[in-house]
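In the block that follows, a single chain appears as structure tokens, in the form predicted on its own.
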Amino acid sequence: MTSIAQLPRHADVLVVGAGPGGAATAAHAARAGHQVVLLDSAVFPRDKTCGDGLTPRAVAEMSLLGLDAYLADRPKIVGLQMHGWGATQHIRWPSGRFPAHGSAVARTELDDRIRIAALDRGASMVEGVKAVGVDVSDNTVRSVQVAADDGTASIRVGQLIVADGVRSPLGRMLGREWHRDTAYGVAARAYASSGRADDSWMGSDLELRDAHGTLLPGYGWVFPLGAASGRINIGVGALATGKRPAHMALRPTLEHYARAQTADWQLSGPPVEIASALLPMGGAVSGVAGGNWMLVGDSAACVNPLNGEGIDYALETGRFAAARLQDGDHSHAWPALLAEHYGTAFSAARRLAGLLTVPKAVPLLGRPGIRSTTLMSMVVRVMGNLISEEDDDLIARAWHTAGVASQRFDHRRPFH
């Protein structure tokens, strides 16, 4: 924990939030020669409510951070074991631009390791200190007010990166607004001891039911964390919109789901460390940038509307933000860049996610879909954010076309 007397009085680049988005920004910016201060209200290692899964796209970003050796000792996940309506499909990650495997690492470990990578590249760390205010003039942040156990202080900034999570208190101070008219997520995760902790498949259940057998508008997951851990991350999630909020009791649903997975995943005890989260998705926020500040990762609602995954987006947006630190006013350029990379996909995905909040739509689409390997392979590719801007195959063109068409009907486009 840092005391007020130890705080820097100025930062060329101040990054608030040391999760994957903030730490990745700090790492890339420090390597580019910027003087970077990485600040977080927590003392690391710390937990984060998450499924802990790394898609192949996230693995690719970890490689750009020089963390291949770190992941070499972690699980290699080759694809998804998908269940629903009496059928099971094993769908491998698609081959192509990204690695053919994903991984899974508890966020207590993953976030700390990426943070250390930033420090190894020259960033400095301020722990246990919270950003509580900003001094703004002409849409430019002059300083950030911070509070520690022993007092308050002010840090003058040249550039500010806001990476303080889904609720983004600092982002709200700067005008960030979350719009709930498009799909958002609610989820709960836990850990459990498992005889299949070294499995190479992630579990994904598209048919989620409560203890009474009632079909719920949600999904379940099981992500193995490796033999050394001996545990799996197990969780449930649901999609919602402002008009159709999720009416799902997360904790009892998770506990029931865990009981249902006991035999298949060889669980040796009840789920522990249950935690829940609310997830803005699909760029459903406005006010993501100003003259010298940018929001990255979860703060900018860079979360996949179809499965709640956000680690790869956090790592990517951190890299993008670091690359444009010297490019002048970010007010319009940053939301435009985010929209260029994610706008069409987010628009199509959140429209589809909104459809899945209609109770009858889930079995109507899921029952025939789970029996088609071709269709499930398409679903995994989309859910895993594995269609890149460079892809030009039929599926990629169809997905891009759907996104362009979807944006024409958006009341509010992503990041606007």
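This structure is a prediction, so every number in the text was calculated from the model and none was measured. Numbering starts at 1 and follows the sequence shown.
Here the subject shifts to the form predicted in complex with a small molecule, a form of this protein not shown in this document.
With the partner omitted here, the residue from A322, A314, A284, L239 that has a non-hydrogen atom within 4.5 angstroms of the small molecule in the predicted complex is A314.
Interface residue among R74, R176, H83, R107, judged by heavy atoms within 4.5 Å of the small molecule in the predicted complex: R107. In the predicted complex, the small molecule lies farther than 4.5 Å from every heavy atom of L160.
Using a 4.5 angstroms threshold between heavy atoms, H34 stays clear of the small molecule in the predicted complex. The small molecule is not shown here, but in the predicted complex it comes within 4.5 Å of a heavy atom of G308.
Under a 4.5 angstroms non-hydrogen atom cutoff, the small molecule in the predicted complex lacks L352 among its neighbouring residues. For the three residues A18, D40 and G51, a heavy atom within 4.5 Å of the small molecule turns up in the predicted complex in every case. Stretch 289-297 is the contacting one of 241-249, 289-297, 93-101, 203-211, since its residues have non-hydrogen atoms within 4.5 Å of the small molecule in the predicted complex.
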